[in-house]
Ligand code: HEC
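Quick heads-up: it's one chain on its own, the form predicted on its own, in structure tokens.
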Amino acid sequence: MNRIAALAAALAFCAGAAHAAGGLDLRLDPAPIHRLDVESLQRGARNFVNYCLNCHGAKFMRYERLTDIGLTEQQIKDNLMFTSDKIGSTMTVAMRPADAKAWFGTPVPDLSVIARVRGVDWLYNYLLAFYRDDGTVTGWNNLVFPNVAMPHPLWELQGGSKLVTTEYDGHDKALAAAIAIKGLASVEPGTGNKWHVRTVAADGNAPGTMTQLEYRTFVADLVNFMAYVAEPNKGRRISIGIVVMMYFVVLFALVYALKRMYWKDVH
């Protein structure tokens, strides 16, 4: 039995090493978001309603919860409620799953907990990673999610973008080049000992309505809001945690001073 277990472990190790050596290495740019940035959350709510809520819903989030990010009920009704007139309604859309499957080939996912499922770094890079691809039905592809069915929803803001591929001799050189980019990059095996580093670059012939910095800020605000939607109480827990830690710091100082007073005669 011990020999069989050892053989199984060795085979599993070899399989894992082969997969790591021959598989894709996707390096993500960390999402520059701050959960307690109320202004960013408010801008993200605006971005979500204007650009995402047309197709995607957030069926576990009610409009009235947006008061937690500093918005009044009147502001919510005037600026964010286009699919309902009740403040207690959930953020749903009129598109039926059957229509979405007919148009895009797959049902459109609900975005209520997408930030918890995918992670904020994945979402941030996904919205930066679209590029033109004439070989797809939509004319777009995505470096983070290859052959995604969704077209680029923010292309007018970002402008055109293209896939840039650079070839290197050996995995180590390709990985070093990807690390030096300090942003989104994919390291993929080529033929023989060749490796490819793929990135997405702006197409200067098709500029968007935003600069690249403005677009990244726009996406960061949107992802920040989706992180809030996935876990609305997290910001409150963070605030309470900060207060509790400050309490313990003050308590420690008082207890330490009391200890020095009790033991001053001993020392």
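Keep in mind it's a predicted model, so treat the numbers as computed, not measured. Note that residue numbering begins at 1 and tracks the sequence as displayed.
Unshown form predicted together with the ligand; subsequent notes refer to it.
Inset, instruction - Establish, in the predicted bound form, whether Ala45, Ala58 and Gly88 all lie within 4.5 Å of the ligand, using non-hydrogen atoms for the distance. - result: Zero of three within 4.5 Å in the predicted bound form.
Inset, instruction - Find out whether any non-hydrogen atom of Tyr168 is located within 4.5 angstroms of the ligand in the predicted bound form, and reply yes or no. - result: Answer no; every heavy atom of Tyr168 is more than 4.5 Å from the ligand in the predicted bound form.
Inset, instruction - Evaluate Tyr126 for contact with the ligand in the predicted bound form, applying a 4.5 angstroms cut-off between non-hydrogen atoms, and reply yes or no. - result: Heavy-atom contact with the ligand at 4.5 Å: present for Tyr126.
Inset, instruction - Using a 4.5 Å heavy atom cut-off, state whether Ala178 contacts the ligand in the predicted bound form. - result: No, no contact at 4.5 Å.
Legend entry - Non-hydrogen atom contact Val197 with the ligand in the predicted bound form at 4.5 angstroms: No.
Inset, instruction - Counting only non-hydrogen atoms, choose the one of 118 to 126, 67 to 75, 158 to 166, 184 to 192 that falls within 4.5 Å of the ligand in the predicted bound form. - result: Flagged stretch: 118 to 126.
Inset, instruction - Answer with one of Val108, Leu143, Leu80, Val93: the residue that has a non-hydrogen atom within 4.5 Å of the ligand in the predicted bound form. - result: When the ligand is considered in the predicted bound form, the option within 4.5 Å is Val108.
Legend entry - Contacting member of Asn54, Asn233, Thr211, Ser239, with respect to the ligand in the predicted bound form [4.5 Å, heavy atom]: Filtering the options by heavy-atom distance leaves Asn54.
Legend entry - Contacts with the ligand in the predicted bound form, stretch 203 to 240 (heavy atom within 4.5 Å): If the 4.5 Å heavy-atom criterion is applied to the ligand in the predicted bound form, 203 to 240 yields Leu222, Met226.
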